[in-house]
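Before any questions on binding or motion, here is one chain by itself as structure tokens, the form predicted alone.
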């Protein structure tokens, strides 16, 4: 499994920057939001966390379709299974690689984006913590949607329809957690809810992705 994670990271690194498309979209979305708001500090502080969460969700949605489709089309997934790896092991490896390659860079940029939006330090901290707790859920639903739509190339609009209902609760509690952090800190119940959503996502999304992957390989 570790070798597969390393392989995905190396392939992304050698892809000529294709893995950075989500990060670029994230930064462009935030920049456009700042311009649209006219740079007004009160408005940016009020809606900044929503801008960040929407940018993050859209950036990850752009990447869902590529999680399995390329490896399935060129026969790599079939070779991995024939080499002795289970479909669940492949799914978990893809899940970890997705968190590192797609959500990891965005998480690193959160303090910079928070400053761009004029957010206070507590709000930036709450934003970072909410994204950190939600990352396993975003990635789990991503590999599930990617596995379900793998035979349809990049999935297109269908992959959004499949994953959006699962991502909405994450968005709701993620936004609420940022506001609650300024009043209650890490003890706010929204953070516990985000942790619970991530556990549920792993319990549902990873087995479902493994089953879909097995069906696609048959």
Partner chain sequence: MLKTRMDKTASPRPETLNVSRALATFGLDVSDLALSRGGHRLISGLTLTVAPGELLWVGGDNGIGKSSLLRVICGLSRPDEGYLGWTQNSVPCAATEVIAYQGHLDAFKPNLTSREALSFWADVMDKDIDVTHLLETVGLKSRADVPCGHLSAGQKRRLSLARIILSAKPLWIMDEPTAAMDADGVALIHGLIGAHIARGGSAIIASHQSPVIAGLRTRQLVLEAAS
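Note that this is a predicted model, so its numbers are computed, not measured. Positions refer to the first chain, counted from 1.
The same protein also exists as the form predicted together with the partner chain; that form is not shown, yet it is the one meant from here on.
With the partner chain omitted here, the record of contacts in the predicted bound form names 72 to 80 of 139 to 147, 72 to 80, 105 to 113, 121 to 129, defined by a heavy atom within 4.5 Å. Taking the partner from elsewhere, residue 10 is found to have a heavy atom lying within 4.5 Å of the partner chain in the predicted bound form. For residue 96, no non-hydrogen atom is located within 4.5 Å of the partner chain in the predicted bound form, even though that partner is not displayed.
For the chain shown alone, residue 100 is not a contact residue for the partner chain in the predicted bound form, no non-hydrogen atom being within 4.5 angstroms. Using a 4.5 angstroms limit between non-hydrogen atoms, residue 92 is distant from the partner chain in the predicted bound form. Along 186 to 218, these residues reach a heavy atom to within 4.5 Å of the partner chain in the predicted bound form: 217, 218.
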